[in-house]
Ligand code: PHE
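Given next, in structure tokens, is a single chain: the form predicted alone.
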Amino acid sequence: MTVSLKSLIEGWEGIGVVSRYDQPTGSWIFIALHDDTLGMPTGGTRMKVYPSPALALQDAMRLAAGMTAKWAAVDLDFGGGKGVIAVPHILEGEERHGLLLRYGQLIESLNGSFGTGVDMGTTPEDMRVIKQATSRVHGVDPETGQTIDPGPFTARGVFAGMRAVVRQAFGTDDLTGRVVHIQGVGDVGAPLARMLKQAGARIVLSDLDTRRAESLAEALGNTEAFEPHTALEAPCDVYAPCAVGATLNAETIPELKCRAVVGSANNQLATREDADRLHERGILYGPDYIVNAGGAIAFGLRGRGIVDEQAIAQRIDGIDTSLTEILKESSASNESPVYAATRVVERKLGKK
């Protein structure tokens, strides 16, 4: 069924949507504000070419709802929001710079109703540009102006979450010899691969950019890179989707040859029913908005004045403990961890 801007907005349970058409670049800007129960709606800004403005808004809404769950699950006082900039083509130079400045001005006009940071398609340097127009930006040091890359923080959280899932699935969190397939070796997948390699895991890589996967495989040594269209055929202990969302669906789940799924991609499940499909196959799933919360935790703490790197690292490593409790609860009730994680979020939001 074809979605429209009107039908999406009418059917959404969130606070509201801010939209603007950027005439100079032909881009659509959507800021989806989902929930402010815990604090100011905050989430990254995604820049991408979409087939239609409606699909860009749909993505913003789904990601904003995911941010509500993420902040609640990690117990930080922010609400759920997300920015999506739907560009007609990849923008560079002055064209990109001007768009980002105008986007920052739009955020500033909301008077503290939305804060943002890096997401797919945007960079720490983009945040520096946006910060010229608004203070509501994470990832730029307010005193030095230096940018902070969230990727390594997110990777650390995925690593912590993977230990929890592996412990539940195999009885030990020792990763030595475990085969981990990382799908997407960008800002999160690459540092995650290095961490896993150091922990003794065997790494399999795949990426739409096959040269990038091959280059990382060569750098790591004793690591295999697969063509993206054959990646799911690779047997592994853990599949780690670290690129786009909705890769776990009715078509792909039957093809998986793994015992667990733990990755950094947002909205990995195409539908809620896919959680049950994984559970029915005996594949243990680490809910994405908990597993990938490392970057949000780091920037959230920095936004609250906590800059000590050890304190931030310890908080990110706590994803292991939080996820372990969720996995125990879901195991006791013989259900997907998604449902136990949802109950945690609902309790934090006062909805249950």
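Treat the numbers as computed from the prediction; the structure is a model and nothing was measured. Residue indices: 1-based, along the sequence shown.
The form predicted together with the ligand exists for this protein as well; it is not shown, and the discussion that follows is about that form.
Checking 118, 193, 248, 158 for any heavy atom within 4.5 Å of the ligand in the model of the complex turns up a single hit: 118. Taking the partner from the other structure, the ligand in the model of the complex has no heavy atom within 4.5 Å of any heavy atom of residue 33. Taking the partner from elsewhere, residue 44 is found to have a heavy atom lying within 4.5 Å of the ligand in the model of the complex. At the 4.5 Å threshold, heavy atoms of residue 82 reach the ligand in the model of the complex. Of the heavy atoms in residue 296, some are within 4.5 Å of the ligand in the model of the complex. Only one listed stretch (62-70, 315-323, 23-31, 49-57) carries heavy atoms within 4.5 Å of the ligand in the model of the complex, and that stretch is 62-70. In the model of the complex, 266 is the single residue of 251-270 with at least one heavy atom within 4.5 Å of the ligand.
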